[in-house]
Structure formats: C-alpha cells, structure tokens
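Take a look at this single chain in structure tokens; it is the form predicted on its own.
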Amino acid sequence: MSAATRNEDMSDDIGTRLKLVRQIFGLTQRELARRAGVTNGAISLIEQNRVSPSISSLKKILDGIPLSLADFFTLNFTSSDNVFFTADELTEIVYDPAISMRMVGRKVKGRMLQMLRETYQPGADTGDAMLRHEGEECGIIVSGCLAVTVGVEEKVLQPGDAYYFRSDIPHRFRNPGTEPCVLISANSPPSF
C-alpha cells in the first residue's frame, strides 16, 4: 500500500481525521478538550474510534480548533504534487558549463518559490551584464566562496554566510576562489 493510499485510508474515519487535524493545528488532546468544553477522555475515545460522536458533539469539538464541519470532512491530507525529491530528481538548469543549478520541484503546479542547489566552479561568473528580475532572492553558502554584487555593493561570502535582496536591483555572482562554491538559494517568484 502506498503512503498516499495509507493517508487516504487514515483520513476516512472520524477518529483518525480528528487526530490528524488536531496535530496539524498543534493541539494536545488536553488542550482541544479544554477549548471545546469536553473531557480529555472524550477526545481520546473518538480518536481511537471507540466512540462515534454525534454531529453536534463533533461541531462543538471542532469549534475548539476552530474548523467548520465542511472543512473537517473535505480537508485533504495528501499533496497532489510530489513532496520529496531525490538528488537525481532535481532539474538541471543549463546556464553555463561552469555553473550548475539544480532546481527542486520544477514541475510543481503553481510554484511560488524557486529553490536551487547551485555550484560555481572556480572562476565561474554570471557575466558582466548584471542580472535583474522581479521578486526577492536569498541564499546561503555551503562550501567555497562566492562574490555577490548587488547594486554598487560587493562582498565575498564564505561558508555559512548568506545574502537576501530585492531581485530588481542589478546583481551578479562569481566564484573568485580556487575550489567549487556550493550554495542553496531561493527566489520568489520563480525566475525559471
């Protein structure tokens, strides 16, 4: 049985669905019981599917979250897209032979974020023409060093250093070091 099938089966019964919703909202059984004005035992029995609550009892419990009955029964516990990606499932963005950009979730529908694992070989440079596009971007250096130019400012970043800027400001990246630079970056909205 696949993980998606298990999740669908788990969310079909009221007890399991209540437990999942309670956990999603970060509530303990005791906290939910206090908010809903019921006993902790009642929540426990429902979650174990030992008691089937009436609609009015379930509504009272859900008011403690707060969540409507309709939302409770229609909440989807599975993603329609892939959630996890192996290293070889990251999409390679061909930019330059000396620069590797591997994207997470390239085919995810409606993506609002772009995350990359970037590798700049020694001497690699995004070019003399500064990059410029809508949105924001940030990154953190994992290994090596990277000279980041944003507007008139430039700084050589080392492992653990990071950057964050508005992408409509002209910017450029280059590796002035003698070893490859690896970084993790994110752009919003996606530029690829």
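From a predicted model like this one, the values you see are computed outputs, not experimental measurements. Numbers for residues come from their place in the sequence shown, where the first is 1.
Below: the form predicted together with the DNA, not depicted.
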task = Find the only residue in V150, L45, L67, C145 having a heavy atom within 4.5 Å of the DNA in the predicted complex.
result = L45
message = Can you work out which of L62, L131, L157, V51 has a heavy atom no more than 4.5 Å from the DNA in the predicted complex?
response = V51
task = Check whether R172 has any heavy atom within 4.5 Å of a heavy atom of the DNA in the predicted complex, and answer yes or no.
result = no
query = According to a 4.5 angstroms non-hydrogen atom cut-off, is R30 in contact with the DNA in the predicted complex?
reply = yes
inquiry  = Quick check on R22: any heavy atom within 4.5 Å of the DNA in the predicted complex?
reply    = yes
query = V38: heavy atom within 4.5 Å of the DNA in the predicted complex?
reply = yes
